[in-house]
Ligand SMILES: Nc1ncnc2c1ncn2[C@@H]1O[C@H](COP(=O)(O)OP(=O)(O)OP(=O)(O)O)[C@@H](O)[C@H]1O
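First, one chain by itself: the form predicted alone, in structure tokens.
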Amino acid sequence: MSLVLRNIHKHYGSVRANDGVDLEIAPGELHGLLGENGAGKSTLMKVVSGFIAADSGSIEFDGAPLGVASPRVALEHGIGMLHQDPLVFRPFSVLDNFLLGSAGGVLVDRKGGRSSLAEMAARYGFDFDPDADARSLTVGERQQLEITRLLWRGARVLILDEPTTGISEPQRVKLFAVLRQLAAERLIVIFVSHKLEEVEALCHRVTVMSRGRVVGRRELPTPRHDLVRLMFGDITLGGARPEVTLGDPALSLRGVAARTRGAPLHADLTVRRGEVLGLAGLEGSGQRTFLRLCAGLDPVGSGTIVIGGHDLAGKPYRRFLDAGVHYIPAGRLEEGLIAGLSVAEHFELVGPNRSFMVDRGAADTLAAERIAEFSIKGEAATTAEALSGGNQQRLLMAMAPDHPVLLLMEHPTRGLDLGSAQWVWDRMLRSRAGGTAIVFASSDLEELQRYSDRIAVFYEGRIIAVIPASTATSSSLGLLIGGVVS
């Protein structure tokens, strides 16, 4: 039941996403796939799972040639992929999601499906309410549901793309236990990640990609510096951040209360020019609502939001933009970019041109300048969805004004490799030195401690502590995130 890829090629214009990739994975193997953003990892796995077609090359599974024209065909042959954002239909129930794609057409065996769901959940230690609304599930629970569905549908190869992003530590432990169980049952597990410690803890072997090619294969364990060298070449980590003299308040919230579809929020907080404020807390504790409220995207129930000396609470989004506020969401394609539009068209959207006529030549020129300045691996005509996650983030940052008063970012390095994450922070800290106030939410405690001046901890819609990052430890942050205030 080996999976063999031979000479896989996939090009997007002049960008060689996969350039002659060979890969062989044995049954029962936990195989790690490493590489910086844009290395071609996700493209390769989408080829294997039928989401995109290779330009050339072949795939063999269980000794037979395999043609995967769609995800459905791939799953019929035993190959399933769990994406970073699990493919769960939130308006449906848990049971409805589990039954998606099953045999029977309109005559779905719901009773049998309910029994199968309970059986599969018990087998892998999951706990589902079949009648629960899928919107009530956390990212980790949606992930568990999708894994259960793929296995029930007969997946013998399970591909996971950055599966630990956005899930809790107990859910990560559970996920790893299930993956080890699947390997013991002789399934193939492909674990795509940029987190070296997780690959080292879980996988038997690792393949490293760079610029669309395989640059190395290693049996694990192997020295970490060897994997870092293969992924990034010789990379120098940033040192201590230069001190910046803080200026006047850039953002001041007083008595703010908001209740939206997300978490309720109550906040009193001031952020000064040149300050970096990190937001910590469990998913759904209020950080996202806080950022959207400060960006003018969510309504304010009461209180004041003062930016640049003016109270903007209740004012339209345009007023926040005019005041120098810029928001970069975590959902790059879902909220920040528009699938189907090119890089040049994105710059045209945020440019100064407000006429009904589009100056294509000027847009292409601006795109070329920004592509070079922000090292985006793509062309002016490249569509947003054809860019890797790291290059989508670069595009979002390239669309931001050069010197915003307030930069709001939700998980700015989520799903990014070490090199791309460092680049993002180099750019942000450059803005900080110019007087921009930065507020960012992250689930990475090390990132919060390393880059923040202060850390605001959210718990059940309230800021329960604001502490200097220099005195924060993983243990003290962990206790606060769990609601324990000494």
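Here the structure is a predicted model, which means the values were calculated and not measured. For every residue, the number given is its place in the sequence shown, counted from 1.
One more form of this protein exists, namely the form predicted in complex with this ligand; it is left out here, but the text below deals with it.
is_contact(residue 97, this ligand) in the predicted complex, heavy atom dist at most 4.5 Å: Because no heavy atom of residue 97 falls inside 4.5 Å of this ligand in the predicted complex, the answer is no.
4.5 angstroms heavy atom contact with this ligand in the predicted complex for residue 32: Answer no; every heavy atom of residue 32 is more than 4.5 Å from this ligand in the predicted complex.
Residue 278, heavy atom within 4.5 angstroms of this ligand in the predicted complex: No.
Heavy atom of residue 410 within 4.5 Å of this ligand in the predicted complex: No, residue 410 sits far enough from this ligand in the predicted complex that none of its heavy atoms falls within 4.5 Å.
Selected contact from 21, 25, 463, 15, since only one has a non-hydrogen atom within 4.5 angstroms of this ligand in the predicted complex: For this set of options, the contacting one is 15.
In the predicted complex, the one of 266, 377, 213, 217 near this ligand [non-hydrogen atom within 4.5 angstroms]: By the 4.5 Å heavy-atom cutoff, the listed residue in contact is 377.
Answer range among 172-180, 132-140, 385-393, 117-125 for contact with this ligand, defined in the predicted complex as heavy atoms within 4.5 Å: Flagged stretch: 385-393.
Residues in 149-177 with any heavy atom within 4.5 Å of this ligand in the predicted complex: The one in contact is 162.
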